[in-house]
Ligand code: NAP
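Okay, so here's just one chain, in structure tokens, the form predicted on its own.
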Amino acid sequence: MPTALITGASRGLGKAAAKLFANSGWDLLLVARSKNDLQSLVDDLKDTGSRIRYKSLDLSISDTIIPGVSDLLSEGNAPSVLVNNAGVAWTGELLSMPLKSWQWLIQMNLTSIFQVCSVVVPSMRANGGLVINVSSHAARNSFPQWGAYCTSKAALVSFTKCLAEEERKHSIRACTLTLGSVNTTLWETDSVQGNFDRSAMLSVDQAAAALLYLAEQPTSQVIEDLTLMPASGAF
């Protein structure tokens, strides 16, 4: 079975992706903050036949990421696909944003991905692999009150392109899944303020299907970016 490592796997898109991948014949390495939520997910997937291992990690704490992911990888085979899904948002005037909030968001949406890749990608080099970084249409657009989020996702796109160029010689591909608004618990967090019609957003199952589609592309090709938007347009 191929193996996928998915971050932010205990809820929202990450959880939907874990379920879809497991039911599609993938083994899983899962990362999220809540050990209880991860164990509950593993219990839900026990009948799929997938081998599932997990690690409870808070990706906002930079010092724990490299040793934590290294420990997870030491338990079995290196993944053939890495899905960097975990991320956060913060709404408010850009220059009124507290420095600690800025540093937290950049850590979660950019630096933690760099750190996870720094452990996982070298483990892929012997056999090749694919890195899928979950991005947003905010990477290409400017939205009032969403400046820090837009900045982090634009930087993630550049990081992904540079990673793809450097790792091509090792048969490692990298791409982005660019999403419009997805109906997840992100909209319920204390750091996000907004009144949106969530019924018109993409579902987590739609976004998870796009992740699986990218993951199952032949190794001889890469879709550098797949953009999925709600039919109703941007929010």
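The first residue of the sequence shown is number 1, and the count goes up from there. Since the model is a prediction, treat every value here as computed from it, not as a measurement.
Another form exists, predicted in complex with this ligand; not displayed. Remarks below refer to it.
- Of the listed positions (S203, S171, T189, S70), a single one reaches within 4.5 angstroms of this ligand by any non-hydrogen atom in the predicted complex, namely T189.
- Residue-level contacts in the predicted complex: of V121, M108, A155, L163, one residue has a heavy atom within 4.5 Å of this ligand, and it is M108.
- With this ligand left out of view, the stretch that reaches within 4.5 Å of it through heavy atoms in the predicted complex is, among 121 to 129, 95 to 103, 135 to 143, 72 to 80, 135 to 143.
- This ligand in the predicted complex is approached by V88, whose closest heavy atom lies within 4.5 angstroms of it.
- Taking the partner from the other structure, this ligand in the predicted complex has a heavy atom within 4.5 Å of a heavy atom of D58.
- The shortest heavy atom separation between T184 and this ligand in the predicted complex is within 4.5 Å.
- The closest non-hydrogen atom of L13 lies within 4.5 Å of this ligand in the predicted complex.
- Residues A32, R33, S34 are the members of 31 to 55 with a non-hydrogen atom no more than 4.5 angstroms from this ligand in the predicted complex.
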